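Starting off, we have a lone chain in the form predicted alone, written out as structure tokens.
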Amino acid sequence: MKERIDIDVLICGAGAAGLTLAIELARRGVSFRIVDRLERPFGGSRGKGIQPRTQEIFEDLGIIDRVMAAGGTYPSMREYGADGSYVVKNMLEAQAPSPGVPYFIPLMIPQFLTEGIMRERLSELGHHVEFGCRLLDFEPGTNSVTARLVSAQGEEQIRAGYLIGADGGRSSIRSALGIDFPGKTLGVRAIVADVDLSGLDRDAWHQFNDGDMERMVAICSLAGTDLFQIQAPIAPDGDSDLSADALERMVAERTGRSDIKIHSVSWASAYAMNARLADQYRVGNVFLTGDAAHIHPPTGGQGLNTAVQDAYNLAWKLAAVLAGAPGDLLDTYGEERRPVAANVLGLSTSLLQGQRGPGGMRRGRDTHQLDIGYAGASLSQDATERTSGPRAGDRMPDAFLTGAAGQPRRLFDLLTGPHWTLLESASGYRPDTAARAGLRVVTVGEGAELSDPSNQLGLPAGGCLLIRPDGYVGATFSTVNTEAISRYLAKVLPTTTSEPARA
């Protein structure tokens, strides 16, 4: 007798990771619920930097223009001296735009605005977050997970195919699974506060006592709001008074200025910086994602971005397996994402150490997450050693192409959606040899539907590239070998599909 399943996926936690996963599952027609123990959405700006790679993901999710309109770019830094004078510095290393990198600088937008846009997108897809709903406990089964939930409506028990722990750094799901969360406390305790403030211009990031971990304070206007954010290291022990009066006194002591007035506090937190990484991302049909799997110091703006990309990786794999793809596809989630988190943790920690010296706030390409990839992972397959263009496991760059009717075409427009994409050289194209549900076949070359006059794709004559739904190259082929392509697709697509993938 077939086991009764109430929903395919239960997502616990409605932060950026949980919402990304929910949007991705919604547009693939997967049944799920997303619950959060908070009574109302998170109202702070703990994560305010959206890196270029995450901006590409937001384009695919259909929210990039909303996010851009709601946020803004990072202002220049004003570093103040003891006499009140200052020098202006650009926090971000200059990046030249290119066809392959449509988003080349970080975007500033408070976390509560980002998540609000994501919830709006989720509503458009017919779903919503159940706030004030808490996971009491769960029991993993052979092919499902039984979970008990409690909300204002009472207690209920449901059975889900998969349970996702997107429930933050203090994840109860990770604890219940007995997964170790090794790492270290980094010896820095800090406050972050969103405040209504007067006395400072909004067109700069104001930095006082740079490099002095006892007296440093940074105050920056929050794009898309009338608020400022205060960041400052504090003593490792003792209570933290986060009232407007206490914050104003601290700012006055550290800046030597009495004209900076704090009128109210919208949100504030005191926290110890940690770097921790879960020993594993999966136990049976239970997965960890985002802060439940790794926590970072805030330096470099990596935490929220890594969380979004975790969920983006996991979602298409869950949907594929639920539709009939081989179950071991889900093993590649931890295989691919855990090493990424380990590297990002190292980067965030080294940036924190560098921040303790003068000029330590400057950021460059290493924080943009455009160079993250999965080369050498089991899903990355190169037919031959490539000398140009992307290789298996690499992020697929964007490209400016031309349609057969003469119109300009962006490669990312072709990749947008939950499908795989096969880019075939026109010289090797044979109609319908690889077409199947869940796969879009695109021909490039003379006389084909698209042309690539600048050879931005690095597509060899007669060869092809197989692009994953998350925008990474899954495989490269030196020739259009339909048997090799079919063998690869058998690992990642359902063997039979009743209908095409939903856009």
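Bear in mind that the values here come from a model prediction, so they are computed numbers and not experimental data. Note that residue numbering follows the sequence shown and begins at 1.
Keep in mind the form predicted in complex with a small molecule is missing from the figure; the text below concerns it.
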Report task. Heavy atom within 4.5 Å of the small molecule in the predicted complex: which of 330, 91, 192, 186 fits that? Just give me the one. Result -> 192
Query raised in the report: Heavy atom within 4.5 Å of the small molecule in the predicted complex: which of 397, 393, 168, 71?
Result: 168
Query raised in the report: Of 134 to 142, 233 to 241, 276 to 284, 404 to 412, which is the one stretch near the small molecule in the predicted complex, taking non-hydrogen atoms within 4.5 angstroms as near?
Result: 134 to 142
Query raised in the report: If you check in the predicted complex, is residue 269 within 4.5 Å of the small molecule, heavy atoms only?
Result: yes
Query raised in the report: So in the predicted complex, does residue 307 come within 4.5 Å of the small molecule, heavy atom to heavy atom?
Result: yes
Query raised in the report: At the 4.5 Å heavy atom threshold, is residue 47 in contact with the small molecule in the predicted complex?
Result: yes
Report task. May I ask you to state whether residue 172 is within 4.5 Å of the small molecule in the predicted complex, using heavy atom distances? Result -> yes
Query - Output flag, 57, 471 and 493 jointly within 4.5 Å of the small molecule in the predicted complex, heavy atom basis - result: no
